[in-house]
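Single chain ahead, written as structure tokens, the form predicted alone.
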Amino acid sequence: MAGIYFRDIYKSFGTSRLFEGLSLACPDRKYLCLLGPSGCGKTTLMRIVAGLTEPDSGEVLIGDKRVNGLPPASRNIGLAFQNYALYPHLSVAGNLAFPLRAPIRRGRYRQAEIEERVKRVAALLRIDQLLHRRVNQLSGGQQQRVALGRALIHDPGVLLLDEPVTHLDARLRYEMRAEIKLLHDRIGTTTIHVTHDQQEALAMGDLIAVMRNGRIEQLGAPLELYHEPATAFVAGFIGDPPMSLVHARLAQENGNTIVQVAGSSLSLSEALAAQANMAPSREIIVGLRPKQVALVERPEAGAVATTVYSHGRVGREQQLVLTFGRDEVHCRTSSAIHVTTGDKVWLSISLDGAKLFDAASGRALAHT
């Protein structure tokens, strides 16, 4: 077993507190993505697993073994950095073999076994024709494969990937995402993958831990986070584009609970009304997917006046970001419309499938 477990982790840097009692589990053989904006603590958490940073308190376990205080080489991990960190004076074969010849493992592997492992890993990563090349003669994607091979050469129980495809161009990023995920499915090494790219996390992770300011906002499978965000932060981070978050106010009209948005009153379904009635205050946030908003040619009942902030065509669709008050709304249309930044347009909002959040805490409202 090589599951990874954080228990009640505290970590400060000087007077700045990052983790305050953080707990998180990555079960054996799962692929966990740590997802969040810069500075949220995801790389620090990975470094704590690797032994490159020690927590102030709390436990880190790999399998059933407490690894606090153990040096990195004693933790049976493989680590691939975002900048690859390859040795330019060595060939591909030399880079792959280096971990087996390092002082901590010197004498553990015979030369024949080293050569066999290098060939096996190179074949797995489709770089077996490159073994005699210097790494500075390789493309970015080939260098990434070498870095992965070096991390896997000693059969680690845990694989740690720090923004592994950040430096690749768009096409190579897409290809390497698929290849890394297929590699994981084949070898099953428990993996933690640090990324700020939600598309990457959704495509690759068995589990995603969305992080913010040193806290876990939500841990779950990709579709769970997409369809049932636990907080407004998660809703506004997951998806392409993510949910639009609109500030609104609950009110009563003819005995029914309604939502007031920018001076317009919108009715709620029975299920949403039940959730709304659980709100601790009348101030809420409404989460909307692009399919729940539509442009209308002229003002109509319930329509909201907005301003075009940005627009552009992606494939067959035109994508717009519209603003009103302090809020932004993402809108998509397949119709050819002619707008410029600053234009006034009208927006029709459907609350069918919308998500409701408490404005103060950001927590999702639920009918209990």
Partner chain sequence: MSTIVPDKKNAVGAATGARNLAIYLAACLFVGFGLFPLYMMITTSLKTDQQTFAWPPVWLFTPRFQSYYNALFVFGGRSADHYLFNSLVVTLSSSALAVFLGAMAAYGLARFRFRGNRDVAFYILSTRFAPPVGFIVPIYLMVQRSGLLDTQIALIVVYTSMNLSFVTWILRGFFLEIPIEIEEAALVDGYTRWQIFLRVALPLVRPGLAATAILSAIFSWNEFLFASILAPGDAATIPVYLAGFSASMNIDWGEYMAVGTMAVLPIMIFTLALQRHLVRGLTFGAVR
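If you superpose the two forms and keep the largest set of C-alpha atoms that fall within 1.5 Å, you have the rigid core. Residue numbers count along the first chain shown, from 1. Predicted, not measured: the structure shown is a model, and the values here were computed from it.
Another form, the form predicted in complex with the partner chain, is not on view; read the next lines as being about it.
Residues placing heavy atoms within 4.5 Å of the partner chain in the predicted bound form fall in a single listed stretch, namely 100-108, out of 225-233, 114-122, 100-108, 189-197.
Site annotation in the predicted bound form: the residue of 77, 243, 272, 165 reaching within 4.5 Å of the partner chain with a heavy atom is 77. For the residues 221, 73, 182, 296, the 4.5 Å heavy atom test against the partner chain in the predicted bound form is passed only by 73. Each of 47, 89 and 150 comes within 4.5 Å of the partner chain in the predicted bound form, counting any heavy atom. Within 4.5 Å of some heavy atom of the partner chain in the predicted bound form lies at least one heavy atom of residue 85. In the predicted bound form, the partner chain stays beyond 4.5 Å of every heavy atom belonging to residue 337. Using a 4.5 Å cutoff between non-hydrogen atoms, residue 174 does not count as a contact of the partner chain in the predicted bound form. Contact check for residue 305: no non-hydrogen atom falls within 4.5 Å of the partner chain in the predicted bound form. Relative to the superposed core, residue 134 undergoes a C-alpha shift of no less than 2 Å between this form and the one not shown. Once the rigid core is overlaid between this form and the one not shown, residue 90 counts among the residues whose Cα shifts by 2 Å or more.
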